[in-house]
Ligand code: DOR
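Quick setup: one chain, the form predicted alone, written in structure tokens, and binding and motion questions come after.
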């Protein structure tokens, strides 16, 4: 008979690091929650012990921007391979984007995706609903069914979802503002980039830098500015995904100063890779939307991440079959690459280089994402009562990133091929269960569970002029 006085897991000898600082402590986990953080002399006895001596115990990373590809595109990725990759990378929760087949734009489509995730997921997950002019009447139902938020594609994406009409975006923001959820936005001006791409193709441009030229900085700046205006007007909480442009930072800083309800993410590729180096096969592998920009953008983005202007680090994990990335024309190569497994190693390398503190990384990788999407303080912090979602980090672990070692087994390529890293997750704990230890992922399909947001009360604005308000027969412009 099991001893009822034992907790499930005790992590011993480590240094706990939250966004606010670090301290020596043991951490005990029981029935999915952290039940003790403190002096080893007072730690409970446990059925399983994990030695963290000389290592850091941090909240598991929350990657708010992943594309698992199931249903409909499992030649690229499925829920098993994608969440195994997350576990290998110290990521305990992923938020999955809605541009699958079918898109996550109705209750049946949401249920199809949820069923696939429930069978296979090794880590926790949230599911986005789609903001699209063809499904505005589904937003409230999707919110009621537990989507983590909504996603708006203002630029083109895998799945070829067209950017909605601005009137539909405004109406969608009005609806989401009243629901209180957050809308993540791919902020690129679609007409601009398609116009420029068409003109360059006609002129014979088919080179590594043509994709970047089609999406020059103003394409991002215009869509960012438009998103901010609509958020400020409606009160819709927004999240700008994969910010790549240093010129955006002053715009973001000014909007936040005015109280616009927005958060922002960037990705490791924009901090560590530069367009100048991405030619030939490297350019094909690294092609994504928005593009990796010139080297001079990196310092501004890193500084904005360090000071909190950019809230979060995410990955835009976007796997493809290798033959979809190796086509003769640069224009034809699929956009995106796997990232959920390598992000923590890359960001810890920036910590090792002195560009970020470990506390700043924890804030960006876990605490800020948890706050933005209604998961804090249940997640994003190592403290009693929080979910036992943890990463054990060895700050001295050195390695080289190789595509052949990735757990995204249908997408074993990376633009970081051959990059040396310092610092790595050596264990991943999801709801108190060790799902990765020393690089080996446990076989635990279905252990991950769906996460539902608990947001602050909605704060919609300008209610007298919403689309719903002006459709009422009795509406008057000066009433």
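Numbering follows the first chain given and starts at 1. What you see is a predicted model, and the numbers here were worked out from it, not measured in a lab.
There is also a form predicted together with the ligand; it is not shown, and the following applies to it.
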Judged by heavy atoms and a 4.5 Å cut-off, are 158, 289 and 320 together in contact with the ligand in the predicted complex?
-> yes
How about residue 316: is it within 4.5 Å of the ligand in the predicted complex, going by heavy atoms?
-> yes
Given that the partner is absent here, does residue 335 sit within 4.5 Å of the ligand in the predicted complex, heavy atoms only?
-> yes
Taking heavy atoms only, is residue 99 within 4.5 angstroms of the ligand in the predicted complex?
-> yes
Given that the partner is absent here, does residue 186 sit within 4.5 Å of the ligand in the predicted complex, heavy atoms only?
-> yes
Can you pick the stretch from 411-419, 65-73, 24-32, 51-59 whose heavy atoms fall within 4.5 Å of the ligand in the predicted complex?
-> 65-73
Consider the chain as shown here, without its partner, and state which of 407, 345, 242, 297 has a heavy atom within 4.5 Å of the ligand in the predicted complex.
-> 242
